[in-house]
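Structure 1 and structure 2 below are the same protein chain in two forms, each given by itself as structure tokens.
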Structure 1
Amino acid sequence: MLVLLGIHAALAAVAPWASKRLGTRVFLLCGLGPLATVVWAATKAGGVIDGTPVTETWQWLPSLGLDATLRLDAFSLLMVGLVSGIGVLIFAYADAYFSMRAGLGRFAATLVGFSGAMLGLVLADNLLLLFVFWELTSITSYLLIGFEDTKPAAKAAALQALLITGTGGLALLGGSVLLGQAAGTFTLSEILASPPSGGVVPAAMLLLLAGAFTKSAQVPFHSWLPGAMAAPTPVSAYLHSATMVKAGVYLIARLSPSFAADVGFWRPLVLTVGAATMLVGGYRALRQHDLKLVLAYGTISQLGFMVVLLGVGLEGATFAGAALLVAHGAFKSTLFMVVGIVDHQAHTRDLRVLSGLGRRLKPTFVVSALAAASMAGLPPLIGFISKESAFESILDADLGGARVLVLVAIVVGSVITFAYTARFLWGAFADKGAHELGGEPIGPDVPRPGWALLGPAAVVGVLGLAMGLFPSPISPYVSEAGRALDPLLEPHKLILWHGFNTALVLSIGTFLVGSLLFFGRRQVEALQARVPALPNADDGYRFAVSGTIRTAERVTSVLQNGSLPVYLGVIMMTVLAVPGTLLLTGTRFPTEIVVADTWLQLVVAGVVAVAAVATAWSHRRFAAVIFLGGVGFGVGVLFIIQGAPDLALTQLLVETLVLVIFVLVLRHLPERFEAQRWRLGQAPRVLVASGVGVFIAAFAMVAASVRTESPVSDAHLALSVPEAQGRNVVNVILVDFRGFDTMGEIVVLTVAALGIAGLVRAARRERAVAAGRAARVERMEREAQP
């Protein structure tokens, strides 16, 4: 598995260079990564289905619990089949879809990197490693969506996707850390086998669900997904059918069997969000005129359906959700590739002007009809089997009063799915009358696509029909995928005909009502137009972004206004607010305080205090510097009394140097301090300064009394002679123990001194040039006078 990830990375590295020689064939080269993964997974499938997962571990950062542990169980096998199986077809499709253009090698590299990131995500058996791949999918999708970076819409959509999914990624990281700490391990399989409870686990689950909802475009985080349609169609097909949007569903599916029953808010939250997403996505799909947007909102709706099934954590629903994962990957990748063909040949995706494509592009229409029928849940396709299983599972689910609500939601969602699917097929391929066209019809004369462009869509479209007619070959994979999520489940079997039961009645009702919605589409559109516009997720996103910018501007105008007293005040108040609060609430003050060892210390300390007060009250700069020097020299005397002559010598040298520098600088400054009035008066300054002084004094007393470990100075004293052959431990620390630090500090100071010297010389040279120029001008003016 590590080798497969390495192959993806290597292909991403060579793709920009290879595109110069191969042209669009670089996509076929990059497709070797997913192809190798499919071949490898096929060789391991037998053992995995029999209950023997494949595991690989590479020690990465064991001290942090971060190991590159990859695990292929039956559910991961199902996801690998989707990610890499559809990935092979997407790369073949991209080869036919694109013509050679600038940046295509970079695009191919990002696409194969995206494929590798998603592959790592579904194989990761460590929460922190899963987060790494999770974020890689966000970054690579940002680059793919914004590939056409000259278009403002593409850049805005890419940024929106990155901001929303990136925020969810931070929530995922927080939840992973909390869950790993609660479980005592970050290994996902161990956590699921023995899930922790209580404590921070509910908070961890809430954060993990937040990350999953943003990634899988659940309400109210779904606004980024339609915007991602700015990406080229191969990216849309890959992203919507098999990769990034499935990541959140994958995470929810992994966690739900272990936590759905024990975490109280899990089922209500997941069912509410999933059902709302299914209905909102379907409703919005009914009012789109861009074929890509119809499918995009349809994807949101289907993702909500999957979250309901895989998030409820019940036996039948889990199997139905696994079947829907497969069916959705098949029909959605087909339909997106078909939209790409229509756009490629007709140069438009507007269903209001497309007409007659069904007669002109018959093979494309047949492939589309197969995939659309599967999405609508019509027999005998895999979509019908998964929908029937979903209805049956919710009918049998023990959800109390919520069962009816969930059942109504998914039936209504299925009705809307049927309606927008029919609208999609009609909009793309039907012959439209003049009263239904919104412009000059486009369709009868468009060029027919080659089989290289249609072939990948045809393969996966026909596969959906084959899986529906003959579900037995795929049934063990779906069944064991469900059992990998919950080992206590009984084996399940996918069958096309369940008999005449309640689920079939619901399906027939879905077809009838959905047909009414489609044939009454003009009335539906008119009704939607009369519905008042309500705040939607796009408005929320724009409000959040603009609010953040306004807040940042206001905070910056207050805290970064160029006033040094304001900067110092903010820093000091932060010191009082954060460590000061902890000092007061979480620290035990020492009961025995030694004020002084000798009376001489009290005398010197008194002198230091008087000098410090005099510094603050002085109105003349020179006097203030002298008093400040008195403070420093007084501290040096305290070091001598305490028996630290080396430290005292250092202190006295530093104070002397500082005093000399101050005196030199004072030559260029006014004699007296300039009195500046503050509109809040002097009282806040006095309070803040006094508070910081008290805090520093209290902190010094507490810090000296709360030591729990031996001071590092003991080790320095013990090692000074045997290892450094030096009895002056201060010198040994500077030259031996911290030798590299000291050398680094010297280098920094040297570089800074050279920079300052260069600036001073440059200023002198400029002054000299200016003086010479002025002299020449003066001479010329003098010579010009009569």
Structure 2
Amino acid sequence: MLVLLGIHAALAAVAPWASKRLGTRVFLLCGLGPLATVVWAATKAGGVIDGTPVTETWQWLPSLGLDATLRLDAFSLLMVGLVSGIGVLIFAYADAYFSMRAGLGRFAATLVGFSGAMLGLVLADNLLLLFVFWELTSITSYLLIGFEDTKPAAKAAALQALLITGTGGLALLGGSVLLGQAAGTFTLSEILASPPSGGVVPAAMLLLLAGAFTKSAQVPFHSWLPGAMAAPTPVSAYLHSATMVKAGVYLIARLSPSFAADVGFWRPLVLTVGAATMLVGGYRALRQHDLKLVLAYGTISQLGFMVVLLGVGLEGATFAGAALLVAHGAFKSTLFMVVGIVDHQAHTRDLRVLSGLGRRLKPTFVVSALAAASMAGLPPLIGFISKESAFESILDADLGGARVLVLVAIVVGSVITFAYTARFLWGAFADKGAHELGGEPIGPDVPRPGWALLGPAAVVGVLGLAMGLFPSPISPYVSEAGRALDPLLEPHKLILWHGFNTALVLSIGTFLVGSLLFFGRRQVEALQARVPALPNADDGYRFAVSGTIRTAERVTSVLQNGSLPVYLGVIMMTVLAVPGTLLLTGTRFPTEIVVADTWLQLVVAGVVAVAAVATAWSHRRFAAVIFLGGVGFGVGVLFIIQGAPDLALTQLLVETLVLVIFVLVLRHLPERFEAQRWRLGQAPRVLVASGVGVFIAAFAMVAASVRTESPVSDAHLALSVPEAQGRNVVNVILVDFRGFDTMGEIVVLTVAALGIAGLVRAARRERAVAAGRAARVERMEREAQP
């Protein structure tokens, strides 16, 4: 499996280069990756559906629990079939669809990279690895959607997709870490086999669901998906039928058998979101004029359907969901490819001007009619089987009062699906009367597409019919896929004819009401126009983005206003607020305080205190520096009294040097401090400064008295001679125990010295230039005078 991922990566690496020689055939080259995957999966399929998953592990970061574990079980097999099977067709289609232009090699590389990332996602058996592939699909889809990077709309759509799915990805990461910590392992199959409960698990589930909802374009995160239509059509076909958006459904399907029953909010949340998505998507699909957008909103609707079925975690629904995954992959890829063909031949996708295409492009029409019938759930297609199973499973489901609500939602959703499918087919291929055309009709004389273009769509379109008529070959795959999700399930069989039962009644009702909706489309459109607009998720997205930027600007202007006193004030008040509060509340103050060991210390301390006050008091810079030096020398003397010659020596030498450097700098500054006052006046400054002073003093006392561990200096003293052959422990610490620190410090010193030299040189040069300019002006004036 790693080899397959490697093949995808290698193809992505060579594609930009290869496109120079191969032209659009680079897509066929890249299609070898998915093709190899399909062949490989076919060889493993027999064993996998007999119940022996293929596993591969590669040690990556074992200390983080991040092993690259890949696992092909029956559900992954189903997904691999979708991702790579449809992938092969998409690559073949892309070869015919595109004409050669700049950047196409890069595009092919991104597409095969995306395919590989999606493959990794459905094979990953480690939560963190899954996250890595998840984000890879987000990034590559960003590049794919934004391929036409000269179009602002494409760029905005790509960014929107990235922001929404990327934010969801972060939620996914958070949820994965929480879940992995709770379970003690990041291996997905182990977590699912013995799911942890309680504690942080509900929070982890909420985060994981949030990630899945954004990826699968569930309400209210669905707004990126219609925007993603800015991508070239082969990408849309791939993204919306087999890959990207199914990642979220995949994750929900994986988690639901283990967690749906135990996590209290799971079912209400998943069912509500899924049902709402199904209805909102369908409702919006009904009034689109762009064929691609009809399909896009249809995808949203179907994704909601899948989330309901696979998220509820009940027997029949899981099987129905697996069947719907297959059916949707087949019909949606066909329909998107058909839209691509229409767009390619007629150069428009507006259903208000297309007319008569059905007579002109008969084969295309037949293929799309097959796929559309499957989407609408008509017999004898695979879409019908999956929808019948869905109805049946919800009828049998043990959901209490929610059962009727869910059933109503999916039936209404299916009615709308029928209606927008009819609208799609009518919009693309029907002969329209003058009253229905919004402009000059386009259609009767468009060029016919070549078989290379239609072939891939025809393959999946016919496959949908074949799977519907003869479901027994694929039945075990779907059944085992369901059982891979939940081993407790009984094997299941897909059959076309269930007999005359409630589900069939519902289906027939769906067709009738759906037809009514379609034939009354003018009234429906008029009604939709009159209904006040629903709160639009797109507006929500825009509001969130601009709100974030506005907030950031405001925060920045408050926190980074360029005023040094404010910065220092904030830092010091934080010191007072956080550790200061802890100091006041959490610690006991030392009962015994040694004021001084000798009277000499008291004298020196008095001198230091006087010098410190005088420093703050003085108005002249020079005097302040001298007093500050007094503080420093006084502290040095205290070191001597304590018997620390090294420290004292260092302190005195540094103090001397600093004094001299201060004096050198002062020559360039005004003699007195500026009289300019702080906006808030003197009092807050004094208050904050004294507060910090008192805090530091109290902290030093408390810290020295509450020590419970033996000080590290004991170890240093004991080890100094035997370990480092040195009797001066200060030096041993500097050059041996903490040698790495010292090395860092001398680098800092070096940088500081070079920085000072550079600054001074720059300032001098500026002054020299100014002086030179002044001199020249003066000379010119002199010369100008007679």
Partner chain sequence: MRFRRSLVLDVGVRVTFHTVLLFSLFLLFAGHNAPGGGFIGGLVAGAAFMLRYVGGGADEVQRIEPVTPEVLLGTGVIIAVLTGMASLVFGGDFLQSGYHPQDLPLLGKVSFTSVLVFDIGVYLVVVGLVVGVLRSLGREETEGEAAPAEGGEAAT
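Numbers given to residues start at 1 and step along the sequence of structure 1. Here the rigid core means the biggest group of C-alpha atoms that line up within 1.5 Å when the two forms are laid on top of each other. Just so you know, these numbers come straight off a predicted model, no measurement behind them.
Only structure 2 of the pair represents the form predicted in complex with the partner chain.
With the core held fixed, Thr708 shows a CA shift of 2 Å or greater between structures 1 and 2. With a cut-off of 2 Å and the rigid core superposed, Asp50 has a Cα displacement that falls short of the cut-off between structures 1 and 2. Superposition of the core reveals a Cα shift of less than 2 Å for Glu490 between structures 1 and 2. Core superposition places the C-alpha of Thr656 3.5 Å apart between structures 1 and 2.
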